[in-house]
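Coming up, as structure tokens: structure 1 and structure 2, two forms of one and the same protein chain.
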Structure 1
């Protein structure tokens, strides 16, 4: 007999069912592999400038002219005083506040599927910012630690989503900006 279902993984049928099992006829299980793909167009809206500047190797945040807070990731509206924010450029350097080592990739797009596990997701407080920026830290998991100085680096390779144009890397002692 030829296999007519290409996605079939296996069929599991119990050898016997207990007497009186009302579900006996439904105990055989066929498992198949399925992939759900969804394609849609999405506008990056008010955040577009952030992503466009990543293509130019610039890291932008937003500053509230009312309370002075600096948001990275950028926010078009200050959540504290509801004022419209202004764009500001940050140096891209900061410090890891916390991190997680991911040993499984969700595979949400081609960029994420290409990541070798384990990889590090770091929450970075960028110099001049008031909020944490969560993103990929390209460093060995045993190199990551709270307090690690990092900087934004930019990808030269094409990416699926513009957020993957940037990532964090540790700052070598020789690279640290002098006061």
Structure 2
């Protein structure tokens, strides 16, 4: 017999309802498959220059001329002063303040779906910034620790979302600049 409902998953009708069940006539249940797929022309807005400069291997933050705070990730508007900020370039070196090791992925986009689990999500205080930048730390999970010196690395491969033009890597001892 052909199925009359293409989206039908299953039908379950219990043989008997509990005694005194007020819903006795409503116990048969049909389930169907539903789907919602959307695509967007998604503007990165006033944050765009951050992503455009990643293509040039440059890491930008914003600085408020009012309170002096340096935002990475950038904020076009300082929430402390409600002043429009200025773009500033940072070296891209910094230090891990906390992190987590993720055993599953939210599959947010093609770049994230391509990640092998486990991966490390690090919160990095970039030199010259006042906030922590969350991003992937490409290192073995047991190599991650708070206090680890890291730097921004830039992807040579094409990416799906421009935030994946960058990621963090540990600073090798040989790369350490003398203070």
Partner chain sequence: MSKVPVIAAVGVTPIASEHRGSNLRDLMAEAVLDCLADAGMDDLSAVEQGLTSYESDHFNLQMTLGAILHDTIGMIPKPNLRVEGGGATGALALRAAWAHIQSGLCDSILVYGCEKNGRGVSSRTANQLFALSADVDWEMMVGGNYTGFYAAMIRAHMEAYGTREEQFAHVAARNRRNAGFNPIAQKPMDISIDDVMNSRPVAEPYKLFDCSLLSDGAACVLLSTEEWAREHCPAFDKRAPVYFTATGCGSDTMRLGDRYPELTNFRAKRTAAAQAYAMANISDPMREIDVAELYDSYSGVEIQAVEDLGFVERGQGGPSVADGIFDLDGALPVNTSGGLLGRGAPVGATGILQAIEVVQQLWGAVDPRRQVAKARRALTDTHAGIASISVVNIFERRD
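Positions refer to the first chain, counted from 1. Throughout, rigid core stands for the largest set of C-alpha atoms superposing within 1.5 Å between the two forms. Bear in mind the structure is a predicted one, so any value in this text is a computation, not a measurement.
Form assignment for the chain places structure 2 as the one matching the criterion, namely the form predicted together with its partner chain.
Only one of residue 28 and residue 65 lies in each rigid part of the chain between structures 1 and 2; they are split between the two. With both rigid parts superposed separately on C-alpha atoms, the smaller turns by 16° against the larger between structures 1 and 2.
The shift recorded for the CA atom of residue 37 between structures 1 and 2 is 3.7 Å, with superposition on the rigid core.
For residue 10, the displacement of the CA atom between structures 1 and 2, after superposition on the rigid core, amounts to 9.1 Å.
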